[in-house]
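Just one chain is shown here, as structure tokens, and it is the form predicted alone.
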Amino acid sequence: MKKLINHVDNIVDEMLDGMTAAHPNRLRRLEGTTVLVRKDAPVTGKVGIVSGGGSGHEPAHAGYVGPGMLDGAVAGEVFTSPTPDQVFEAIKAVNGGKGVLLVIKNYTGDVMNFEMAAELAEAEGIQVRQVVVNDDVAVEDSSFTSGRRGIAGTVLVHKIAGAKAAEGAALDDVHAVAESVIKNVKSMGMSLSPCTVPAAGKPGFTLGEKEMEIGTGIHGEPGVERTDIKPAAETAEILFHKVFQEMNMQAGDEAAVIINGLGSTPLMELYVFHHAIDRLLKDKDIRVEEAVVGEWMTSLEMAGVSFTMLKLDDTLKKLLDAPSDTVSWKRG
């Protein structure tokens, strides 16, 4: 195992301190917790938004903390759900008097622990609503989930729900727009190599030199097919058609697209992949309002890519275009 670390037990703690040291005008760490909040939290009169999950997916989730997106992010250990008490601290820290929305990826531990934290918060009089993101169309169930997994489409929930909250909307309205994104966003990924959880010291799965896996999860969960490596255009076609068949889209519809690297895929290759996706979208006469290419939700050093598509309406398009000012996603 080759990693630029000091000790496996200190990785998350040192990462969070490193983030606050690098961005002291944007982020603040709650003392004694694994929670990062925006520097000015809580924002009075605004719905607070909290997300999080296991570490190892950076820039998710702390990279999206700031005006126009999240108010707080909770980090668990690598690929491990944060504990309810940590999520509870985040809820309290971002509550500006209009309630808090929790954005949860559909993994069993995350769902359970965030729900427990919500119950603790409501017992203290804080109104809490929750949404569970399940955008991965690859598999219905895995060792981590009941139902479909939550992956890179979660970032668009952060962006659009965050924009709605920034308008001063009520909690029910922020919750409703987040659910609208979840209903209309789909994703699927693939991997060329596994990743190594530091505490394990060895890869979570193996792939031959000429193999790739279609449908891999962001923790290395099995996909739907292991096959010989295919060209980028052919790989893009596999992911595109699986995602597209799950969406109710017609010629002339508008979409937002995320091409997401999983940790060690060169940007050059991501743009090659996007070139193939763009041609497939044009063939379907789908108009792309926004396409972002880069690393948005990673899996440590896994090589691979995921493709996310969100069907837009006028409301979602407006909120997607709204200003945001975070470490990893800036608009306006």
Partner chain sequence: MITTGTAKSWMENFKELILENKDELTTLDQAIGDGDHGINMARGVQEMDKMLQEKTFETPGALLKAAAMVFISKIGGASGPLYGSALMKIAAEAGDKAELTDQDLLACLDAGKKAVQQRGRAETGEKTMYDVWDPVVSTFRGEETIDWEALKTTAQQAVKSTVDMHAKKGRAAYLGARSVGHTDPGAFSSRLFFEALADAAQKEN
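Numbering follows the first chain given and starts at 1. These numbers come from a predicted model, not from an experiment.
Another form, the form predicted together with the partner chain, is not on view; read the next lines as being about it.
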item	value
Three-residue site 44, 127 and 168 fully in contact with the partner chain in the predicted bound form at 4.5 Å by heavy atom	no
Proximity to the partner chain in the predicted bound form (heavy atom, within 4.5 Å), stretch among 247-255, 92-100, 196-204, 181-189	196-204
Answer option from 85, 122, 141, 173, heavy atom within 4.5 Å of the partner chain in the predicted bound form	85
Close approach of residue 219 to the partner chain in the predicted bound form, 4.5 Å, heavy atom	yes
Touches the partner chain in the predicted bound form: residue 149 (any heavy atom, 4.5 Å)	yes
Heavy atom of residue 113 within 4.5 Å of the partner chain in the predicted bound form	yes
Residue contact check: residue 78 to the partner chain in the predicted bound form, 4.5 Å heavy atom	yes
